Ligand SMILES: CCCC/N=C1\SC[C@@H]2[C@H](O)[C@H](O)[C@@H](O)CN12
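Next up is one chain by itself, shown in structure tokens, the form predicted on its own.
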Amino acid sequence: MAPKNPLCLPSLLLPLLTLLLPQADSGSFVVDRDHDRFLLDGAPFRYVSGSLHYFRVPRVLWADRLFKMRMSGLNAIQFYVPWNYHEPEPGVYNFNGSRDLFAFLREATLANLLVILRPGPYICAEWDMGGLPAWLLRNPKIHLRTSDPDFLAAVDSWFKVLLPKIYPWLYHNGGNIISIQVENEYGSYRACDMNYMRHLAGLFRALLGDKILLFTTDGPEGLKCGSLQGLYTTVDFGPADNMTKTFALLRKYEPHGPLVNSEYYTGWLDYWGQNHSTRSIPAVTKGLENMLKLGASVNMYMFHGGTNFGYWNGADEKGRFLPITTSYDYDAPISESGDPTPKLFAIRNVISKFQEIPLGPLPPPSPKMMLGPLTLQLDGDLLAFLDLLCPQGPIRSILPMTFEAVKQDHGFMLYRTYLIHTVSKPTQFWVPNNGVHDRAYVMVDGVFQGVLERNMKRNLFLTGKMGAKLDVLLENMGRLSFGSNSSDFKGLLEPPILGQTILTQWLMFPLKIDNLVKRWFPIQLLKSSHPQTPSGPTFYSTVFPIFGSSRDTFLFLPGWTKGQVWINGFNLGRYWTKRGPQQTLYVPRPLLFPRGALNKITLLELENVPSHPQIQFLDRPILNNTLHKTYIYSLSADVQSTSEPMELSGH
């Protein structure tokens, strides 16, 4: 059948269509394999990029950080998308407020920065569970990061929501995303499941089309299992690594095209109990200059680190469980509080030798504030607030259940049982098979007895009368985020043992501490129940005004042991003053009420309160003070506790 004559469009519509058509395919970013380079809109292009994470920076500060990155000479940024930040429950999605990654993309556009996107599903990033949602572990048999149908179904469901939202932001659609990473350092994962990688690549192509450049990145040892035909292969390494050897290895997997270092390390992460990590300026700048001389494209990880607010930090397993600090300063060119550092100016100088730097000076460091000391008032021990912390009541079980089994993804859970016979002599309380994940605060009839800790050999001895109440507060210190990424269940993974008796008949209280703190629970509620010498999990708080304008500041907790802090209901993160290295917590200016309004700070101290329960706000951070010893807890001075010292190893 012959086609009908085309309809005649009104002449006024033709110019409009002419304007609209280029926007449908307004740019191109491709690999020129003949000349080992990228082409951006047909012209030779090399990106000098930096990593920052929108989820580690309050939204009101995004524009400031991005502007400083552009003024440093960068022409692109690289960032992850943490799945668990956006899908807190299966099928429940959150892209609001500081989770609005599309607002972040808009800010990057305004800063004239291209984007290299890393949507996972696994991202590492020293983020809880490497960005995978904890609710995946409600299926205890799931095999993460493999072609396990249960895992793939969850991944497919997530990406069918995320990737269509990303599609308009692709560079050839008029957006600023020039390339997208598939998975993340998969070669470092033991599974080496190529069917899984092929499934992801097919899913990305189906949802994003053929024009977007898809790539992988791995360390040199991970290229074999991390690379995949059809995805552009890149590598990551730091200043201490052999650049010539590493790029030569990369050429075995990607013989033609530009050399790319997707993670050039400007610093490193910190673990509780180890030294603050640094990378020297000469080492960082020398490596950067050598790569740029080769014509390589480079992304600096991190360019601005930010903060692991709340419970979002990840952890590593290096012979023992190593949770990551609240600060993610990373010794990066832009500090945790957003200030240019000497490292930034040195890097900017190197970049200026290879491409034009925007005109104008970098903004100076933001003004900082000192305040205090402030004395905190005792609100009461955690057990006294149990009805408010767990209003729905406890879950009953013969054997203790994990956090995941009761749908408690983060924070704390209280396990309670009662002694079935009198224990008159100090008797060892322990959990077999390293079954404490991650720290347990033990109380008998409300009296704090001590701590058990994952991967740490501690002796804890208890006494108690028949019917005595045994409470074990479990803290989730962050799920494993790198490497093995085995399913990191939290809580009591095995039933505790007192002497030779396996303890059963447990009550489990999933605690909603953040909800309670946000409601600003009344200080006077439990005055009559205050212990004489507070120890164990205890709430403290105070209110304070700021006369004049508020500024960035750093909360210092001298003499406090370990716990969690909230300011005006915002979960600032964990402190662990007694272990270090981090001694202060970054408090961004927007969290504070200025001009005489009352600010409220709440502490949950988990172990021991100083004799003078005071805090201070300082005008500079303390990130490098580690006490090189392990704290011992015992029921009495007569009973010797032993523990293994923290190994201060390299990375």
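As the structure is a computational prediction, the values presented were derived from the model and not from experiment. For every residue, the number given is its place in the sequence shown, counted from 1.
Form predicted in complex with the ligand: not shown, discussed below.
The three residues Y80, E126 and L269 all sit with a heavy atom within 4.5 Å of the ligand in the predicted complex. In the predicted complex, the ligand sits within 4.5 Å of a heavy atom of Y330. Y265 belongs to the set of residues with a heavy atom inside 4.5 Å of the ligand in the predicted complex. Although the partner is absent from this view, D488 stays clear of the ligand in the predicted complex, with no non-hydrogen atom inside 4.5 angstroms.
In the predicted complex, none of the heavy atoms of D552 sits within 4.5 Å of a heavy atom of the ligand.
Checking F309, F482, Y441, Y196 for any heavy atom within 4.5 Å of the ligand in the predicted complex turns up a single hit: F482. Taking a 4.5 Å heavy atom cutoff to the ligand in the predicted complex, the contact residue among D381, E254, D236, D409 is D236. Here the chain stands alone, but in the predicted complex its contact with the ligand, taken as any heavy atom within 4.5 Å, falls in 116-124 among 95-103, 116-124, 449-457, 558-566. Residues N184, E185 of 162-201 are found to place at least one heavy atom within 4.5 Å of the ligand in the predicted complex.
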